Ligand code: DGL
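Before any questions on how it binds or moves, here is one chain, the form predicted on its own, in structure tokens.
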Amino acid sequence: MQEGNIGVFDSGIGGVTVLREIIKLLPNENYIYYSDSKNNPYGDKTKEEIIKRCEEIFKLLLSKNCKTVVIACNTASSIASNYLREKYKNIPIIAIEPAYKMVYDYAYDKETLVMATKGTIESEKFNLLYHKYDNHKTKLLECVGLADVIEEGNESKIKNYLERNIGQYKRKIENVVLGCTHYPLIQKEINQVLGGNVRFFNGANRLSVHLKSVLEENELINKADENGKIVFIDSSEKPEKEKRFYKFLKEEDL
């Protein structure tokens, strides 16, 4: 089987950072990206609300002939991925994870800041990962409302938020784990506030490699020669969301 789309969803346009990495490895696939910006942010919602919303989006993507679904939202992944995998066993589900293990692998002895939503940091899935690979030099920061500010796209608000919430760590942090797919969109701004010499980690690259291997194992790779198509859907139906999505998708360096 080769036909069908790859469904990708996030609480907003932040998952474009994941889709960019996927397309580098799988340029011939067709994609449907669902941005749930009407219900953003997920990090402030209850577990039940997140699972319910994720299942609604998942069903929508299946109705649009998706052969696999990528959860490109760390909060949704932490809370809803196991539920969806148990219920929909015939569809490969690939879920983003905070890249904390990469710190363990590549920069274990460095001062580390994990930036993530409240939902991700409090989730069982993240806590198992964190306690397994804890370097004892890590600070966990619940970035309440940051995904929403990024979604809005107001540069002044973004700068003020970062100064207020991570300014205290200036020149004290060497690693930053970007535990929300929105955050790589402001990586440069985070770097500036922290002192300009920070190593960033996010899970997008590893997810894309894993997705490719799963598609190959299940004989789901699209073997067409031409580049695939991308369909963008946003729950808020605001035209500016689509504009920003394609702008970020085309940028070589976020």
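Start at 1 and count along the sequence shown; that's the residue number. As the structure is a prediction and not an experimental result, all values here were calculated from the model.
The same protein also exists as the form predicted in complex with this ligand; that form is not shown, yet it is the one meant from here on.
Colleague: Could you confirm whether N40 comes within 4.5 Å of this ligand in the predicted bound form, counting heavy atoms only?
Modeller: Although this ligand is absent here, N40 would touch it in the predicted bound form, with heavy atoms inside 4.5 Å.
Colleague: Answer for A147 alone: is it within 4.5 Å of this ligand in the predicted bound form, judged on heavy atom distances?
Modeller: It does: once this ligand is placed as it appears in the predicted bound form, A147 has a heavy atom within 4.5 Å of it.
Colleague: Tell me, yes or no, whether I79 is in contact with this ligand in the predicted bound form, where a contact means a heavy atom of each within 4.5 Å.
Modeller: Judged by the heavy-atom cut-off of 4.5 Å, I79 is well away from this ligand in the predicted bound form.
Colleague: Which of 163 to 171, 121 to 129, 105 to 113, 179 to 187 has heavy atoms within 4.5 Å of this ligand in the predicted bound form?
Modeller: Among the candidates, contact is made by 179 to 187.
Colleague: Going through 46 to 76 from first to last, which residues have a non-hydrogen atom within 4.5 Å of this ligand in the predicted bound form?
Modeller: Counting only heavy atoms within 4.5 Å of this ligand in the predicted bound form, the contacting residues of 46 to 76 are C73, N74, T75.
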